[in-house]
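Given next, in structure tokens, is a single chain: the form predicted alone.
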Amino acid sequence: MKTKKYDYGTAILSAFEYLLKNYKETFVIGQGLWSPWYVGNSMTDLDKKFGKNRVIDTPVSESATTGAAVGASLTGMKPIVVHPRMDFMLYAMDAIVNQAAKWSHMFGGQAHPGVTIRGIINRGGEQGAQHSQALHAWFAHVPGLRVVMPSTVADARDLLIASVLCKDPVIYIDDRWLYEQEADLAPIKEINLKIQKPQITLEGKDLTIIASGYSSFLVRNASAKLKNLNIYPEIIDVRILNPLNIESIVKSVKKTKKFLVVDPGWISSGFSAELIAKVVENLDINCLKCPPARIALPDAPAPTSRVLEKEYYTSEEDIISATKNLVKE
């Protein structure tokens, strides 16, 4: 089978091209979509190729943009809303949480707001507290929303397509720290979002490490160094945060008897707590050899200082250290 090399951004671009070419009811709406830099290389020249009536650069009104897309989805369109900073998606919370997430439930499944909302996480570079938030745990808390958080080049492309083809509202969380990845991808083959589950990206025996988004990328990188220490973790990329299927995660933890959760959000009331709770609820009380552990961001807004950023954000060394401590127990 022929493959083609993509980086993370061009994989997303190829998903947009596929959807706009093959599904005439698809359109993209948001801020900075005609800019050569605002959304990186993930939307380069789409407006030139498909027209500005289908790739719509809007004024700065997250609420109006998202509300319009939700309305369009109820008529059978397949809109994709792009929020270049997840922080400012908060202006659209009514349209997302009170409208898109609720319509199908309130109308007995007769209404399907199949809108895809791409929220981009931007961190680092001294951007500070108001430009650096990963709010995936918020959206995963809301029934009626599917929450997708890819970490690989393949998932960046394939899960975006699956999200748009799904009849339900989907929050597709895109992390710019993943954009330097490259991979050879086979031609596009549509997948059903509803049956997607966590993936075991590395089989191991010493402990299970569960992660999502950029944290999955860090864990995969740390695994090579752990191998040099004769530590062999089983790594699970959650991918789909809501609804959360934990069957493969529980099965892995039953095998390794130890687990670590690495989460790109804050630690208190975060997604790491939900993962630990769901796993422990489904285990025999004597299954674990030691208490589960987690790594997440401290309960503080992101700093602006580059020096403090190095202390604030999770590193491969943090993961290696926590893994070594768990293996010793």
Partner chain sequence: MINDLKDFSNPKKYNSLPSIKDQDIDVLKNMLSTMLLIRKTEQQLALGRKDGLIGGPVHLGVGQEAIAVGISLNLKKTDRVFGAHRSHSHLLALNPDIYKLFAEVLGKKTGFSKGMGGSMHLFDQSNGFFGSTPIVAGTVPLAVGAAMASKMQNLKDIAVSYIGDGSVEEGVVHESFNLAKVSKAPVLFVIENNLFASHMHISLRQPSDMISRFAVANHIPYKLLDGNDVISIAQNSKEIIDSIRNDKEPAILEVVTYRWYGHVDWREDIDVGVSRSIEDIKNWKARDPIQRLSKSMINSKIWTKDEENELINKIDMKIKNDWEKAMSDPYPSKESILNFVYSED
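Keep in mind that this is a model prediction, so the values were computed, not measured. Positions refer to the first chain, counted from 1.
Although it is not shown, the form predicted together with its partner chain is what the next lines describe.
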Heavy atom within 4.5 Å of its partner chain in the predicted bound form: which of G128, G144, G204, G71?
G128
Looking at its partner chain in the predicted bound form, is some heavy atom of each of D7, E274 and A293 within 4.5 Å of it?
no
Given the stretches 229-237, 109-117, 207-215, 88-96, which is the single one in contact with its partner chain in the predicted bound form, using a heavy atom cutoff of 4.5 Å?
88-96
D299: heavy atom within 4.5 Å of its partner chain in the predicted bound form?
yes
With the cut-off set at 4.5 Å between non-hydrogen atoms, does F50 touch its partner chain in the predicted bound form?
no
Given that the partner is absent here, does E317 sit within 4.5 Å of its partner chain in the predicted bound form, heavy atoms only?
no
Is the gap between T44 and its partner chain in the predicted bound form 4.5 Å or less for some heavy atom pair?
no
Sequence-ordered residues of 288-318 touching its partner chain in the predicted bound form, heavy atom within 4.5 Å:
P298, D299, A300, P301, P303, T304, S305, R306, V307, L308, E311, Y312
